[in-house]
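This document starts with one chain, in the form predicted alone, laid out as structure tokens.
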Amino acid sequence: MSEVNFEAIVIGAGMSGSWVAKELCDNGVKTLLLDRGPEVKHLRDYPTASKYPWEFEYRGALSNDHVKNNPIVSECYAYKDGATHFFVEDDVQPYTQRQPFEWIKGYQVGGKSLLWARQTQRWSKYDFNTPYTNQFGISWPIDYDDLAPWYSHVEKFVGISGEKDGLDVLPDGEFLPAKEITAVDKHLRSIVKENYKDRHVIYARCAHLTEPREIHRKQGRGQCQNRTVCERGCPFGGYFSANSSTIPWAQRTGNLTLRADAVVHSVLYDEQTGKANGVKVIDANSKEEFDYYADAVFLNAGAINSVAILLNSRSSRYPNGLGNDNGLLGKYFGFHNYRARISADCPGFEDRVMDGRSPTNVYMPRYVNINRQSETFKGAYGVAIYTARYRKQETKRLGQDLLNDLLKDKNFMPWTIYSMMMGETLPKEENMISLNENKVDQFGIPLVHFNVGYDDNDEKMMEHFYQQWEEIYDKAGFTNIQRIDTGQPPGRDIHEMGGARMGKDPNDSVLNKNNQLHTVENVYVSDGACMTSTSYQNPSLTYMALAARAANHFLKSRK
């Protein structure tokens, strides 16, 4: 192949794009992998990974001025001194909005796979069926059985710590041993088991190598060290990232060409063949334009940027964006509702303290609206549950006096519990992203415009969560129960979904069951943009499974 001709081009070297590249390169396909950010090479480019807290100016916190200049990205849980270089500051890629939206971005090779919360839950048959059983949106063109083997394929390679729970609402996967949970977690689990037949407190499955297998050692990865500073990049490869796993694996085949600092302007369309034949790229540093050509193009730039690229890919055949005959591209954009939280104190465990650290927590899968809509709201929610007992911050003593004081039980605060609703939002036509034709970025590309917001269904789901968990906390003997509504805008959940949804009918969807554009079969959208509905689970595992499945569909079509 020449320097500009390839068999496949993958746009986005993050969570899903690296999986497409791995699958293609494993099968001999000469692949170009593009990312708009700089290269981040495993081990070499983790400058803060081994620093101690006292080596940071503010012990890992951010200065007031920095937060003031970056009010959006500063709201992200992982945006700390030591990880800011893996995020995009607020003024780098501006956008416009009709309603408040917080777009949190990680532009580098590896994308947000360096920064994710690493929670990995499969969808179940109920999640794929929810639009039908709860009567909203359109039906998925695939079901759980279609994706189950790809979940297994991904889980074995990634490495997922979990337990076999035997729940049909949250299917089991290919698991490594689980980590320990706290005494309060165990108490809550027993209370829920005693009082509720339809609810389960389980270990929250996470992408950490608790006991590496041979496939992980072949990747050059080692066991998770429980350092809980994952957002800096892990030199052990203890958690899954594209940088430590899928990208170097693809590179070792000799079939991958990786180009960083490559901002994709649009997908090139050949009017004669009716197919895409490449992409137009702008060098992020020099602003020079390049065209690359290939038999197939995979969009994995993240739901927002993938949709924006398609909208900006205009031709006489597609004046409103590539594959956008029905005008639905950018519409039915989804996210997760993380506004509702509830906290309490946990008396009765004064003889127990935290021993060590863990990168995970416990979790309650969906328990309402399963086979039919049984509540006043549509859709489902799950619950992430965190329990902890922290030390008091002691700053007045030094040396042996400090050590003696820390060893006393009185220096521990009470046990607390904090539960967060992870709510499904409904796909709505008015929830959409588009291009602002009057404003462009530094590359001359129209800015993304958001019109995304909550609705009455979200409020009803939150009230249900509050009532149910006040009851659970009360049965568990917890006190000082507090409802919390963060009031956060959509986007802070960082689970962007939809905008190019899959479907059975070209009239009401953008993609077919294989993630191909209905009208341009050699263009695949294999990231979160393809989602027909959102369900409630952390979506990264599903994105990776869909990406691997789409790549293998392309491989079969070539044969």
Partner chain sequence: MKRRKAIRNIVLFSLGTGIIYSCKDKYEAIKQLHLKHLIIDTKQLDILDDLSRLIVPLQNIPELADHTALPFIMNMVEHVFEEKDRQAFMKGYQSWDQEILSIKGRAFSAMKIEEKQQLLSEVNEESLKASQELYTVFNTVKEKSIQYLTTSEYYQRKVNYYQMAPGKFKGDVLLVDLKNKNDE
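Predicted model only: the values in this text are computed from it and were never measured. Numbering follows the first chain given and starts at 1.
Form predicted in complex with its partner chain: not shown, discussed below.
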D91 near its partner chain in the predicted bound form, any heavy atom under 4.5 Å? no
With the partner left out here, check for me: in the predicted bound form, does some heavy atom of Q442 sit within 4.5 Å of its partner chain? no
Is G356 part of the interface with its partner chain in the predicted bound form - any heavy atom within 4.5 Å? yes
Whether G399 contacts its partner chain in the predicted bound form should be assessed with a 4.5 Å heavy atom distance threshold; does it? yes
By the heavy atom within 4.5 Å rule, which residue out of S315, N195, T479, N226 makes contact with its partner chain in the predicted bound form? N226
Out of D456, E437, E180, D145, which one falls within 4.5 Å of its partner chain in the predicted bound form, going by heavy atoms? E180
For its partner chain in the predicted bound form, the stretch among 91-99, 267-275, 347-355, 483-491 with residues bearing a heavy atom within 4.5 Å is 347-355
Whether P53, L403 and F412 jointly form a contact site for its partner chain in the predicted bound form is the question; each needs a heavy atom within 4.5 Å. yes
Relative to its partner chain in the predicted bound form, which residues of 81-118 have a heavy atom no more than 4.5 Å away? none
